[in-house]
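Next up: just one chain, as structure tokens, the form predicted alone.
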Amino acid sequence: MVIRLVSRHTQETQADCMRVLNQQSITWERDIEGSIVIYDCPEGMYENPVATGSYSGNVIKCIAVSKNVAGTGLAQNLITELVNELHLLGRDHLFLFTKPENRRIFAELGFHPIATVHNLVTLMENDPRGLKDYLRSLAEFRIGNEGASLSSGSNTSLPVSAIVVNCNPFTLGHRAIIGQAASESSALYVFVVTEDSSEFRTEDRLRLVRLGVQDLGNVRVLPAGSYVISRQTFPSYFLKSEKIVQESHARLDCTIFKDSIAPALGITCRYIGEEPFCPVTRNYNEVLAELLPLAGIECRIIPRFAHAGRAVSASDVRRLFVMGDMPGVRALVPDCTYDFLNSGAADYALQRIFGDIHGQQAHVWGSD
């Protein structure tokens, strides 16, 4: 057996991976950064690939072992090699998504279950205390703790609420939904998606939201961390249709929220923005509206803030920004975002926005 690390795929090495994946009806994912490929051949030949595993960010994915070598320990070799490679890259807290029936296999390799959607997907991590530590960090912000008390004008008879946003970038639409939610809540936790797969960097998106809501005394803005599953992180490689992918993602993300995140902060209400444009996001909202009330969490849908008869979206802001139409941008964003975009500090995002407008990246949940 020959173990090969592929840090940058060529057409040939990708074909080797796909030969093994196809045997297991697993599809290749475009965001793969690197792979381990095991060949059943003499040293240096790189022929007859029999096992492969890949990674993207801190997510291990596309694990497959040929049936004719199943049970020989190659899966353990794959995971070990991938974990070692990711450790060298400075990525120690790792996740993987798998079919529920494979949960035991990966548990034996040091991964621990976080949440499961029945018959569809299980999310696992290699840190047995990862989720517990995350929830403990959230609890430090819980209302009533020292340093996180409510403003004196807050109505404690109102629900404790949450909203998850990407803010790519922060718009007047985001400000409107956060403002309404804050007015209807004793406290509002705003989770900003922290995965760096948006056109605007995480630190910039988080900073703009905090600046944009600093006048709202009952609002806490928190980085979402690894347990709010973005559509771009969620895999499709072992699920058979895009409809199943969408359903699985929404249900898994909702399960983690209702079973773990909401109890940690005493959240009893979640706000979501009405989605007039994106069917993926609309489906996600429908799943939340179905599942959250079953867990005793109210789900409130707020109509999108409109300008000139059209719902404001971050994608419109990105389009106007890359076109250089700053007066158009000005009409759709608060002062903090306009000042940032107009200062030149956000010019790094222009190339990515240009590529997205020309179809290189599909619109996905959370991109707004």
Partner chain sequence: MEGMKILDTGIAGTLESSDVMITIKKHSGVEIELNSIVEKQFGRQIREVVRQVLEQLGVKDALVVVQDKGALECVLRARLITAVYRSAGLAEVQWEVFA
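Here the rigid core means the biggest group of C-alpha atoms that line up within 1.5 Å when the two forms are laid on top of each other. Everything numeric in this text was worked out from a predicted model, so none of it was measured. Residue numbers count along the first chain shown, from 1.
From this point on, the text means the form predicted in complex with the partner chain, which you will not see here.
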Open item on the list: Check Lys243 for me: does it contact the partner chain in the predicted bound form (non-hydrogen atoms, 4.5 angstroms)?
Closed with: no
- [ ] Using the partner position in the predicted bound form, report whether Leu120 sits within 4.5 Å of the partner chain, counting heavy atoms only.
- [x] no
- [ ] Report whether the minimum heavy atom distance between Asp127 and the partner chain in the predicted bound form is within 4.5 Å.
- [x] yes
TODO: Considering only heavy atoms, tell me if Ala139 and the partner chain come within 4.5 Å of each other in the predicted bound form.
DONE: no
Task: Which of 159-167, 105-113, 187-195, 270-278 sits within 4.5 Å of the partner chain in the predicted bound form, heavy atom basis - done: 105-113
Task: Triplet Ser313, Arg319 and Met323 all within 4.5 Å of the partner chain in the predicted bound form via a heavy atom - done: no
TODO: Identify, from the list Thr202, Asn77, Asn285, Thr255, the residue with a heavy atom within 4.5 Å of the partner chain in the predicted bound form.
DONE: Asn77
Task: Contact residue in the predicted bound form, from Asp92, Glu290, Asp215, Glu101 (heavy atom within 4.5 Å of the partner chain) - done: Asp92
TODO: Indicate whether Ala107 shows a C-alpha shift of 2 Å or more between the shown form and the other one, with the rigid core used for the fit.
DONE: yes
Open item on the list: After core superposition, I'd like to know whether Val329 moves between the shown form and the other one (criterion: C-alpha shift of 2 angstroms or more).
Closed with: no
Open item on the list: Aligned on the rigid core, do the two forms place the Cα of Ile38 2 Å or more apart, comparing between the shown form and the other one?
Closed with: yes
